[in-house]
Ligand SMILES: Nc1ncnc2c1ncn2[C@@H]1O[C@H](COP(=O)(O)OP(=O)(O)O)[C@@H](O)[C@H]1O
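Okay, here we've got a single chain as structure tokens, the form predicted alone, with questions on binding and movement later.
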């Protein structure tokens, strides 16, 4: 297997919340983003997905662990390497409205990264920006308009164009369709598929909506309260999830999970506070299968099928049929 393009190794991110106190938003997360693939990162709000993305881009402080770009530790980069990395990994944010400067035309906003980097002359930069806007489906007459003159979908297309002008290798999409209605979501997802092929992109796609992620992603990592609890190919996770939290997410998405026979798994309570996470498995406070051991021992993320890993102490017992194993009586 080739070396990952971008990887996180046991990365933890902590934020201070007062004197001698901190919150661990990401706790020992490892991810691999392979060149040419789309990796989906899914979980409820507060699970740490966006913090993982920011840590990968160097926008969040890393307390422990390593971020690697083409196998090299990002923290060791010199100024030139850091700049190249910043150009190669670009983000499309959730809110298309606040991401654009209301005082700039769409063309000016899209051209801005090139202006900051000083690439070429002004004419060259304008041509690159206009080409990116054309590639995302915004007509020439849109270039001189201001953000308030565009719809939400058009603004998000402009944000995608701005991320493309540096010719990135990786596009990080952080809830990039969450603020759009269903029809516009489908348009943007199809656009991302086309752009992935045209620009030879690798995509990290973050969302709380499993139906959206399963449409776009080759692999999916499921995140809960700062931890990865399951990691698998999209097909394997949708057809045979191996973690109670993933099953609950799947049961809420009937369009992508037809084997649930209409049984909706309703999780009780809210996701616990990361300031004081529960001991043992962090999902134990909401898991219908939790036992005493689950409240005492934190499970590791272990490969239980080829390319399919789960962090559940009872995975062999709960999913014996899917694993092709026999449970002792």
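Numbering follows the first chain given and starts at 1. From a predicted model like this one, the values you see are computed outputs, not experimental measurements.
Quick note: we don't show the form predicted together with the ligand, though the next part is all about it.
**Student:** Check residue 46 for me: does it contact the ligand in the predicted complex (non-hydrogen atoms, 4.5 angstroms)?
**Tutor:** Flag for residue 46 set to yes.
**Student:** Is residue 23 a contact residue for the ligand in the predicted complex, using a 4.5 Å heavy atom cut-off?
**Tutor:** Result yes; residue 23 sits at the interface with the ligand in the predicted complex.
**Student:** Is residue 28 one of the residues lying within 4.5 Å of the ligand in the predicted complex, judged by heavy atom distances?
**Tutor:** Heavy-atom contact with the ligand at 4.5 Å: absent for residue 28.
**Student:** Would residue 277 show up as a contact with the ligand in the predicted complex if we use heavy atoms at 4.5 Å?
**Tutor:** No, residue 277 sits far enough from the ligand in the predicted complex that none of its heavy atoms falls within 4.5 Å.
**Student:** Taking only heavy atoms into account, state which residues of 51-78 are within 4.5 Å of the ligand in the predicted complex, ordered by sequence.
**Tutor:** Residue within 4.5 Å: 51, and no other.
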